[in-house]
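The chain below stands alone, shown as structure tokens; this is the form predicted on its own.
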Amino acid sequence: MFTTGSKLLFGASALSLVTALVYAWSTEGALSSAGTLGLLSLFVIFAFLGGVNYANRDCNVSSMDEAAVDTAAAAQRPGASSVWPAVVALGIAGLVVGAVSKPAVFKVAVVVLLAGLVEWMVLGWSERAGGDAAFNADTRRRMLHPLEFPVLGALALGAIVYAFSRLMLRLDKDQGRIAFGVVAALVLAGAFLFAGKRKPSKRAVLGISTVAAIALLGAGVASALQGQRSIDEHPTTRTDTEVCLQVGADEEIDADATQSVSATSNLVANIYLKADGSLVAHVSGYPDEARAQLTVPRRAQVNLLFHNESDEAQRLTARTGEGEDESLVCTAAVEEGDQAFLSFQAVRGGVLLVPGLVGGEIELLVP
């Protein structure tokens, strides 16, 4: 004998099947296929729910069953409302979207789905842990709070950092200073406002914090969608090699260049530009022997330390190869008494020179 609930569900499944057949017969094209598939999906869902309902007999219990007062499903305390089913649904939807769009969306959806399932299962288990609702809630907190708080804190911090980075990359330098000043002033004003009250309302603090977080995330997402501002690349001695043969300092490339060196490990040699205009090399391990030739391994990284003892700003240039294979690498202009680090890879032989210095060269030998 069919129960009331199963009759309704089986009737809905039969109606969906008939409607699908009529719709498929009366329409044509892509619209017909999509509509028919949707109606057949309804038929399968209603039939499945009807079968489950029929198997459980609508959870009806006999009026003669005295134990049903405590054991029947209707006698059990209903579960608390939870957001985790919605999170699981969001994760499933993200899997579908990520499968046809970007792999990053799919990976994030997997994490959201797994997190929602774990939270939902633990919540369902904790609600049956005991007969006291307070005890059940405390059981859940003891299990999940040590995991939830660090993860949520890391996610919140990452979201704030991402939103600020997108916002700052969108604004130019002047607007960025103004924005940082305004945000800092608002944070300071809010801190004074809360500190001035002995017992600030938790709802007020939570509401203001939530509004601020939503505003920050919204501005960050909007800035990310619009894209970052164009940032002009500052020329360097690596990108503009013509300066390596230029006499004197370049106003744009050499401006504010560091004149101190901290990375002095694995030096092949120290190169000195003397006050008399001579250029000599002191190989590591032989500090007292000045050389006009320097032998370096092929395709090895060559690290040199250039010391300028002349009375003008000068740069050290490494010229290797010939013709189309010529390669130029140089330091920034080094002031009198300062030093600079030069690193390059020697494939063929060449010379170390100082632009404008006649006759002052060190031959590079590459075996």
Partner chain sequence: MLVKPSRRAAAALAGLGLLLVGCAKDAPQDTFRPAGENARDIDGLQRPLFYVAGVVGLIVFAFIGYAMWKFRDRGQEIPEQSHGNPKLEIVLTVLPAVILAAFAVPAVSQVFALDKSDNECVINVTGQQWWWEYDYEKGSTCGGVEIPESIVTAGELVIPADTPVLLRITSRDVIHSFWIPRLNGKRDAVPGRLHTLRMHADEPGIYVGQCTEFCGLSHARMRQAAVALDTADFQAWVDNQLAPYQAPAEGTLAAEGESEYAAQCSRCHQVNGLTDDSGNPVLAEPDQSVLAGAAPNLTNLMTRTAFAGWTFDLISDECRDRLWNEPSETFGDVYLQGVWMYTPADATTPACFNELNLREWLRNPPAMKPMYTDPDKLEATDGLTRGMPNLNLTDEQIEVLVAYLLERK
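Positions refer to the first chain, counted from 1. Quick caveat, the model's predicted, so the values are computed rather than measured.
The protein also exists as the form predicted in complex with the partner chain; that form is not presented, and the subsequent description refers to it.
Although the partner is absent here, residue 102 is not a contact residue: none of its heavy atoms lies within 4.5 angstroms of the partner chain in the predicted complex. Residue contact with the partner chain in the predicted complex: residue 124 places no heavy atom within 4.5 Å of it. The closest heavy atom approach of residue 303 to the partner chain in the predicted complex falls within 4.5 Å.
Remark: residue 347 counts among the residues lining the partner chain in the predicted complex, judged by a heavy atom distance of 4.5 Å or less. In terms of contact with the partner chain in the predicted complex, the residue from 230, 266, 81, 226 that brings a heavy atom within 4.5 Å is 266. The listed set 107, 141, 291, 274 contains one residue whose heavy atoms approach the partner chain in the predicted complex to within 4.5 Å, identified as 291. None of 200-208, 293-301, 86-94, 163-171 except one has non-hydrogen atoms within 4.5 angstroms of the partner chain in the predicted complex; the exception is 293-301. Along 346-367, these residues reach a heavy atom to within 4.5 Å of the partner chain in the predicted complex: 347, 348, 363, 365, 367.
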